Ligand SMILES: Cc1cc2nc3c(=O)[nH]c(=O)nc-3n(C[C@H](O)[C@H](O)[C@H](O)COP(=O)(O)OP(=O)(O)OC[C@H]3O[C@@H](n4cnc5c(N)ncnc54)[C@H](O)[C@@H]3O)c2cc1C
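Have a look below at one chain only, the form predicted on its own, in structure tokens format.
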Amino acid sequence: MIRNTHPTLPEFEYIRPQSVGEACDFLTRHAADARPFLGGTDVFVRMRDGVLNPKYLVDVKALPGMQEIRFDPQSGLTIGAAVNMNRVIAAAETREHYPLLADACRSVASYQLRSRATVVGNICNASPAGDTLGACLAFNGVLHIQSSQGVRQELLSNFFRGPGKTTLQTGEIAAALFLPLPHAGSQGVYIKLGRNKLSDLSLVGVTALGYPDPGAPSGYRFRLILASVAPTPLIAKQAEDCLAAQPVTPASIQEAARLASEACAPIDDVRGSARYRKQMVKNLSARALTSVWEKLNRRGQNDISSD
């Protein structure tokens, strides 16, 4: 059998609704044959490879609010579903208040692809390897989801159900992502391990975020989210609790990294073995947490010197 070396997209009908209601109604009526799309960086590839074959593609990019990015200093950042990753990176509000998200977006493929790819699309794709998912979870992101019945809000921590599976129902559209204001003094880092430095899915991704919290025994709280090592993005809760419950030291960071490795359940595939991924979770978690801790210390020293 000769493999097709130049696959093409199957035929489909392009639908551009004029309102959210029209889009939701169409998606409901054609539930088995229609898919919404934003940048198309995932859906077109999957159609080309024969994984998807929808009869209709419903372009929701031009719907009201989809292209907006808004920051409220009292509440947080709202990113419309069609805001591409380069706009997120360039936004002054992102760079000042959510640099971890900007770093995660910057790790995605090339500049050209990021001019199409969107954070909300990355979330709805629900790939365990999604680069921006960890930052959005670390910031306690909330999706605004629209349907013919109105708008509902979904905590991102409840949204993922498995590879490519979410809580989105027939006729629903993820319209925006809301990120609450980060805790004062927050510092974060995203480390991605791939087979190359550009355009590769992560073998392991580690997102770490830390911030001062006088209510924690250690005086700090941490968020640690792992990619590519479970069916959904994995929040390493035991590792987080470990660092909140005792002084943050090299030994406690190593213990948290060990707990993160034990919590994950990676698979063997052509890109890496489960054993290798678990070891890399331990190594990269230790590196990420150490980096965050060093940033927190530098920030604390700067605050003292400025006084």
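When you see a residue number, it is the position in the sequence shown, counting from 1. Note that the structure is a prediction, hence the values are computed from the model and not measured.
Beyond the structure shown, there is the form predicted together with the named molecule, which is absent from this document and is the topic of what follows.
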Based on heavy atom distances of 4.5 Å or less, which listed stretch (212 to 220, 115 to 123, 70 to 78, 87 to 95) is in contact with the named molecule in the predicted bound form? 115 to 123
Each of 160, 240 and 256 near the named molecule in the predicted bound form, meaning some heavy atom within 4.5 Å? no
Using a 4.5 Å heavy atom cut-off, which residue among 43, 264, 248, 280 comes into contact with the named molecule in the predicted bound form? 43
Is residue 186 part of the interface with the named molecule in the predicted bound form - any heavy atom within 4.5 Å? no
Does residue 233 make contact with the named molecule in the predicted bound form, using a 4.5 Å heavy atom cut-off? no
Please check if residue 130 has a heavy atom lying within 4.5 Å of any heavy atom of the named molecule in the predicted bound form. yes
Can you work out whether residue 107 and the named molecule are in contact in the predicted bound form, taking contact to mean some heavy atom pair no more than 4.5 Å apart? yes
Under the 4.5 Å heavy atom criterion, name the residues of 19 to 41 that approach the named molecule in the predicted bound form, in sequence order. 35, 36, 37, 38, 39, 40, 41
